[in-house]
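Coming up is one lone chain in structure tokens, specifically the form predicted alone.
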Amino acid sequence: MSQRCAKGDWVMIHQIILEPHERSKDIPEDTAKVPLEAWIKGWANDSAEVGQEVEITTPSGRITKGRLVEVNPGFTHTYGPAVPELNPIAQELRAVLKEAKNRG
């Protein structure tokens, strides 16, 4: 089953920015062995199937091309696990602000 985007769909593309032989000689050896890659989100300027090249317009207005890897990609970033020491800060801050408001 193939996935297809239509013009205007939110998509993610993949690009090879630099092949290993094009990379700087001043980077670590293990890094120099692999290509420099980018995954970029934007709106498709044409229809395409996953795996095909497609041109997109990014949220900043830049137009670029790459291999379509996902249609309607989500956001998967995280700020990591909760830090227990930070949990009481919101309640403490509310108390301080309430006290300052009552004084003022």
Partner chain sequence: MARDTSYRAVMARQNEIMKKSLGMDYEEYVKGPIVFDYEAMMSGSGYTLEKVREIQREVGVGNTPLLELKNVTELVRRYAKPGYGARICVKDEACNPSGSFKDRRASVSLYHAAKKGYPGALAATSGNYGAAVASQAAMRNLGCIIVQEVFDSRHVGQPEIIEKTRKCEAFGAEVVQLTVGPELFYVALLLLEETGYFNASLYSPYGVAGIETLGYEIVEQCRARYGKDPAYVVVTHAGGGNVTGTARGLRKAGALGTKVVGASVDLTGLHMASDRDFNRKSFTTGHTGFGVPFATWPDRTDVPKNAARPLRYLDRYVTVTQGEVFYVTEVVATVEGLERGPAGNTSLAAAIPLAAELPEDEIVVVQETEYTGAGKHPQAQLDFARRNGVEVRRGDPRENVPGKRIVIPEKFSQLHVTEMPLDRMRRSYIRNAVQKNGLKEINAEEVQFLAEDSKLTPEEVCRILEELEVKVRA
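Positions refer to the first chain, counted from 1. On a predicted model such as this, the values are computed, not experimentally measured, just so you know. By rigid core we mean the largest C-alpha set that fits within 1.5 Å across both forms.
Not pictured, yet referred to below: the form predicted in complex with its partner chain.
**Student:** Is it the case that A100, even though its partner is missing from this view, gets within 4.5 Å of its partner chain in the model of the complex, heavy atoms only?
**Tutor:** So A100 counts as contacting its partner chain.
**Student:** State yes or no: in the model of the complex, is some non-hydrogen atom of K41 no more than 4.5 angstroms from a non-hydrogen atom of its partner chain?
**Tutor:** Answer yes; at least one heavy atom of K41 falls within 4.5 Å of its partner chain in the model of the complex.
**Student:** How about T31 - does it come within 4.5 Å of its partner chain in the model of the complex, if we only consider non-hydrogen atoms?
**Tutor:** Flag for T31 set to yes.
**Student:** In the model of the complex, does P59 have a heavy atom within 4.5 Å of its partner chain?
**Tutor:** P59: contacts its partner chain in the model of the complex.
**Student:** C-alpha of P84: shift of 2 angstroms or more between the shown form and the other one, rigid core aligned?
**Tutor:** Superposed on the core, P84 moves its C-alpha 2 Å or more between the shown form and the other one.
**Student:** Would you tell me if V96 moves between the shown form and the other one by 2 Å or more at its C-alpha, with the rigid core held superposed?
**Tutor:** Yes, because once the rigid core is superposed, the C-alpha of V96 moves 2 Å or more between the shown form and the other one.
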